[in-house]
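Coming up is one lone chain in structure tokens, specifically the form predicted alone.
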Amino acid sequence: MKTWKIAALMLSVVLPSASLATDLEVTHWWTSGGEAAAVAEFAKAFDATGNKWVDGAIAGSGDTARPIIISRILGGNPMGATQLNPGKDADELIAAGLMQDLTDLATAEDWANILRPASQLESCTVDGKVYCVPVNLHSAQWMWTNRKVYTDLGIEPPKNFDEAVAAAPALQAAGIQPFSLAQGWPVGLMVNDILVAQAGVENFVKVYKDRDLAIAGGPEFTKVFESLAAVRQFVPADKMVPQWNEAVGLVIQGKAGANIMGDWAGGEFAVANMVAGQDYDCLPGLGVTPVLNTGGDVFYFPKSADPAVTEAQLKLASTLVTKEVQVAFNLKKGSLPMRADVDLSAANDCMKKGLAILDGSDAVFPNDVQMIDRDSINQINDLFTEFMANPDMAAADAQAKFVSIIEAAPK
């Protein structure tokens, strides 16, 4: 009898603590080598709380994953948490009352003062309520070069986009792609980066945010489209690869000299054990005008009728912005941490460059998805893809179509 009572007492102690552990499916599209290494840091930290990160990686890009994620939530089959980008992607879900309100947690942990820049949390805020947690600051304005590709040909590694273009014929003659490029959204990213570098941040924001048609159709953008027409001979359509990380891989392998891609490319170089400033260069603003746009990743939490799931969601949201997790994740992701009060002694050359720019607020500007709707962005990307793949499309025709898309975009 005494033994039975002891066993019953032990069981009563074990069961409540075990019931606190909750499996939480987390959807995201981080599937490249560097991304997988980074997301593993989130999973490890959440598992350490006694809960369980159930990985719901969706192969492909965000363009592939977003419709799947949104469809599941609208269809009544929500995940526990999901990656999205700051901007308008979740507006419909929030309006439908399907997303967890994080305002109390954000207030208790003072997110407004510990997370930077303010625009990231503002993108998570609707009618004064916080619905997502920003986990990093990504910027798209980077050019990545393999130093050995150039030095083997007796060329000084380029310090900016113009020098990379000037070196392109020599690389092409040696059977090396001057620029690597992936199909789809990376084309739009490359074109936008060149727009920012050559037309300037102010004009880029006026066009995308303010819908300034005079600038979109004016000489500043004409110069950029003409520059792109000259560059596309170095990125022929038959050399484009399916995924962005494959394009970065060509630079890592020495099969291409340069790639224009966001700072997340840094995670691929890290996985390859390459050292920034020695084996490769990372050039913010394409080396022309060092700037950062305020893109990045955020996590939303669909509402659940299960209190245990809700508790686990709030625990995950809190865990994602702790100092230790911010450092561990972003060092592997290639992005910048949302907090300024973390130990970045292990930061590499690229992260240090990014942090220096972030500290200069005049060099930080919104991401395109924060200024214009997703449908218009897709139309712009399709146009840029067609323009870069079709040498017969005149720069003036591409610019005219671009102006039409901007004019039709909802404000």
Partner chain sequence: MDRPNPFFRNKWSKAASLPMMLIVWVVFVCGTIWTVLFSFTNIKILPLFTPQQWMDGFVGFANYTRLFKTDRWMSCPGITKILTEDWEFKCAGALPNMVTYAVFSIVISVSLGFLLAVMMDQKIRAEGVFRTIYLYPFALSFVVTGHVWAWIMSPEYGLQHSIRQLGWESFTFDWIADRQMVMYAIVIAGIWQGTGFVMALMLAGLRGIDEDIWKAAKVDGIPAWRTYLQIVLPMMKPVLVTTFVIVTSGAVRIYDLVVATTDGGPGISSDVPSRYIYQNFSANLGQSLAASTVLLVTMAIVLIPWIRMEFGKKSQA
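Computed from a predicted model, the values in this text were never measured in an experiment. Heads up, when I say rigid core I mean the largest set of C-alphas that superpose within 1.5 Å between the two forms. Numbering follows the first chain given and starts at 1.
Keep in mind that the form predicted together with its partner chain is missing from the display, and what follows is about it.
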Partner contact for residue 389 in the model of the complex: its partner chain, 4.5 angstroms, heavy atom: yes
Exercise: residue 342 in contact with its partner chain in the model of the complex, heavy atom 4.5 Å: no
Close approach of residue 47 to its partner chain in the model of the complex, 4.5 Å, heavy atom: no
Residue contact check: residue 374 to its partner chain in the model of the complex, 4.5 Å heavy atom: yes
Answer option from 202, 246, 152, 122, heavy atom within 4.5 Å of its partner chain in the model of the complex: 246
The unique member of 237, 112, 308, 126 whose heavy atoms fall within 4.5 Å of its partner chain in the model of the complex: 237
Region of this chain that lies against its partner chain in the model of the complex, out of 86-94, 154-162, 318-326, 210-218 [heavy atom, 4.5 Å]: 86-94
Core-aligned CA displacement of residue 338 at least 2 Å between this form and the one not shown: no
Core superposition between this form and the one not shown, C-alpha change of residue 239 at least 2 Å: yes
Exceeds or equals 2 Å, Cα of residue 322 between this form and the one not shown, core fit: no
